[in-house]
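To begin, one chain is listed below as structure tokens, in the form predicted on its own.
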């Protein structure tokens, strides 16, 4: 090989060697990123979860605090009561039932109402969609306390809808038509006027309002990718709007619907402020009980931690069930 050939080959060899020289550096950078990510997960997720799990096996000292132990008495108290086998109670199981009931109903209501809104929003211009998305993202900055306070004013017996019903004569019309007695049976009226709190209806409405923007944002990507020609072709063939929605739109977004519902359900399992304001004390949830035992008047941290673990296991079970249903369901064409 001549000197000219060596000179010509040198840039190629240098270019071929250049990526190799950056390889170890890139590998170290990727390793550092992985270490940071795992350290973050460890410190902010796994360590608190491990502490809650360990504390749930602790023992409450009467008249004092608690001590580290390895006992199942807290879990036994949750399922059968503290005096079992002499006496059993389902108080805490009932609170878990109301937690799941509120979360399921509110999540379904939010998804059912957000689906048509999101679909219509995706049919608008890009500018209009951007405005709606910015508005929805802005509403997420409102805290749960602020939203519950607003709904508390709207549903207040002295300054909200009940006063408006009485002032406009709608309450008298309900009494004349017999609907007032129906509302009383549902717990939405007292002998004088309609009332919305405490009631399950007010609780579900508030919880649904809390997660409704999340439902729209989670459904938006799937609905925005829908091909409008599919719905137009179905309407051209004579399909009615409900038939188009049932046979074209819903199958196309089935998996996002399931995922959105599950995420909202898990989020609502831990709702606290809306429950304490609008729910009857006999219908309080596990999240409220956890706060009462950890920070309230009871001060029984091990039992509160045990309830937290059970609530976490419940959420995980529903997520696994949803994942199983997603895999079992046939994919849309």
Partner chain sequence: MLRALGAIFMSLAALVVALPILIVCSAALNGGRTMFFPPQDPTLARFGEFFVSEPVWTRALTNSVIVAVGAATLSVLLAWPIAYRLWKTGSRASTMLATLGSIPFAVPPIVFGVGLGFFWAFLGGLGTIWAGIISHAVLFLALPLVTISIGLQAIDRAHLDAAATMGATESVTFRTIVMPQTLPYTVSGFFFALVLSFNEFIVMFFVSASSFATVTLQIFNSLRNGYTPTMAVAAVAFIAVSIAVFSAVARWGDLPRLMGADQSRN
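Numbering follows the first chain given and starts at 1. Small disclaimer: the values here were computed from a predicted structure and weren't measured. Superpose the two forms; the largest set of C-alphas matching within 1.5 Å is the rigid core.
Form predicted together with the partner chain: not shown, discussed below.
Residue 221 is the only one of 251, 221, 169, 187 with a heavy atom lying within 4.5 Å of the partner chain in the predicted complex. For the residues 76, 139, 89, 247, the 4.5 Å heavy atom test against the partner chain in the predicted complex is passed only by 139. Shown alone here, residue 201 lies farther than 4.5 Å from the partner chain in the predicted complex, counting heavy atoms only. Proximity of residue 98 to the partner chain in the predicted complex falls outside the 4.5 Å heavy atom cutoff. The partner chain is not shown here, and in the predicted complex it never comes within 4.5 Å of any heavy atom of residue 282. The shortest heavy atom separation between residue 298 and the partner chain in the predicted complex exceeds 4.5 Å.
No residue of the trio 237, 324 and 326 has any heavy atom within 4.5 Å of the partner chain in the predicted complex.
Annotated contact segment (heavy atom within 4.5 Å of the partner chain in the predicted complex): 108-116, selected among 108-116, 80-88, 253-261, 174-182. In the predicted complex, the partner chain lies within 4.5 angstroms of at least one heavy atom of each of the following residues of 84-123: 113, 116, 117, 120, 121, 122, 123, in sequence order. When the rigid core is held fixed, the Cα atom of residue 34 travels 2 angstroms or more between the shown form and the other one. Once both forms are fitted on their rigid core, the CA atom of residue 251 lies less than 2 Å apart between the shown form and the other one. Remark: with the core as the superposition reference, the CA shift of residue 116 between the shown form and the other one stays below 2 Å.
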